[in-house]
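Read the single chain below, which is given as structure tokens and is the form predicted on its own.
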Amino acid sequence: MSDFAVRVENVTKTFRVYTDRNQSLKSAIIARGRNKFEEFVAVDDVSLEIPRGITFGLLGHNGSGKSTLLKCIARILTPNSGKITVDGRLAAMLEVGSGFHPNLTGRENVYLNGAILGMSKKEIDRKFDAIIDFSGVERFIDQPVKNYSSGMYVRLGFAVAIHVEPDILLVDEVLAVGDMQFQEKCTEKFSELKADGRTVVVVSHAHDLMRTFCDEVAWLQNGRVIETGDAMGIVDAYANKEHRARKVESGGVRFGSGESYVTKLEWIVDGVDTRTCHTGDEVTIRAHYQSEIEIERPIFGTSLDSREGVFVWGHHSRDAGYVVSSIKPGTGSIDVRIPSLPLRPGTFDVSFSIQDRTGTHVYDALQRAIRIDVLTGTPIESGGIMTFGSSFENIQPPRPIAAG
């Protein structure tokens, strides 16, 4: 087998966008079928290579061409020009309920969809219980899928696709529909596929997922590839551009609507704002802010990333159960207390954000505002990023080996 799973060479895909469709038989006869249209280039001369055995992301805003490219790879769409080579057994989960017949039961659709994806009846029989268990729809498996919710639809469809055991799995925004438990199942399954040397190609708007789960990404814009390479760096660059992030003189970048914003971030140990601390220290993260408007029930959040870009920890006031009734126009501050810092020695970046009560509108997100160094403290543990306060105990003395 080759060292690549998918190779895309100079692929272009266009669609016709009609601007003056005929509305009557008379106008159609007069126009003699010559409807006016514009050529929309969804994918524009794209070339990229996806190595075998990695998780590869396609990144970009709506209309960038990423889903169209994924459908070309899946052979659902045929490119106008160029060549796509797929080396291995491929399964695709591109749309909610794709391949399902609404009037058939979930059980019948498992066999129908499994057959479409290349599984034999004997193979589906063997995997059926695992598919249903993964989907979580066992109570409704003998009901017509037209009565399923969108979440049930996608869970069952994804469960079938994932159990094809493909060499290459294509996924388009499936995780946006499932609940948290289902997302965790999917992430665990992706990890298993990766450990088995299989390839996952994913389209998602979830930047945290793309940043931490993907090995490499391709950034698409207006149908063209802007950049390909290491996921962390490219996802961060994309997010900063999309949010119109602005560099901050004191360090880091920020984005948001700006009606309320962080003016200063402190890392306080023993009453002193410092950039050096020790494992086990009591730490206070203090954010000073200024607000131009009154905000009801704002959500404050903070996070830590390692210097290498690994997302280490995040917490916001809503999850903490700390409800601020409102903040008034003016200046203020808020503290986040960490009783005993559970980080092993290393270098970490601190971020802070202010959002509305729904968590969907960002007033300010100050990213990587300060960098702190954690030195050896207590407890001393042997490796990794975190300390667990673990201990060794209850050793059982060896028993004599019986003679003979």
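On a predicted model such as this, the values are computed, not experimentally measured, just so you know. All residue numbers are counted from 1 along the displayed sequence.
Heads up, the form predicted together with a small molecule isn't pictured, but that's what we're talking about next.
Asker: Is G63 part of the interface with the small molecule in the predicted bound form - any heavy atom within 4.5 Å?
Answerer: G63 belongs to the contact set for the small molecule.
Asker: Wondering, does S67 line up within 4.5 Å of the small molecule in the predicted bound form on heavy atoms?
Answerer: Yes - in the predicted bound form, heavy atoms of S67 and the small molecule come within 4.5 Å of each other.
Asker: Determine whether any heavy atom of R89 comes within 4.5 Å of a heavy atom of the small molecule in the predicted bound form, and answer yes or no.
Answerer: Although the small molecule is absent here, R89 would stay clear of it in the predicted bound form, with no heavy atoms inside 4.5 Å.
Asker: Check H205 for me: does it contact the small molecule in the predicted bound form (non-hydrogen atoms, 4.5 angstroms)?
Answerer: The answer is yes: H205 has a heavy atom within 4.5 Å of the small molecule.
Asker: Let me know the one among L341, A365, V374, A42 whose heavy atoms come within 4.5 Å of the small molecule in the predicted bound form, would you?
Answerer: Spelling it out, the residue with a heavy atom inside the cut-off is A42.
Asker: Could you tell me which stretch in 351-359, 375-383, 333-341, 54-62 has residues with non-hydrogen atoms within 4.5 Å of the small molecule in the predicted bound form?
Answerer: Within 4.5 Å of the partner lies stretch 54-62.
Asker: Shorter or longer C-alpha distance for T360 and C214 in the predicted bound form, given it differs from this form by 3 Å or more?
Answerer: Farther, not closer.
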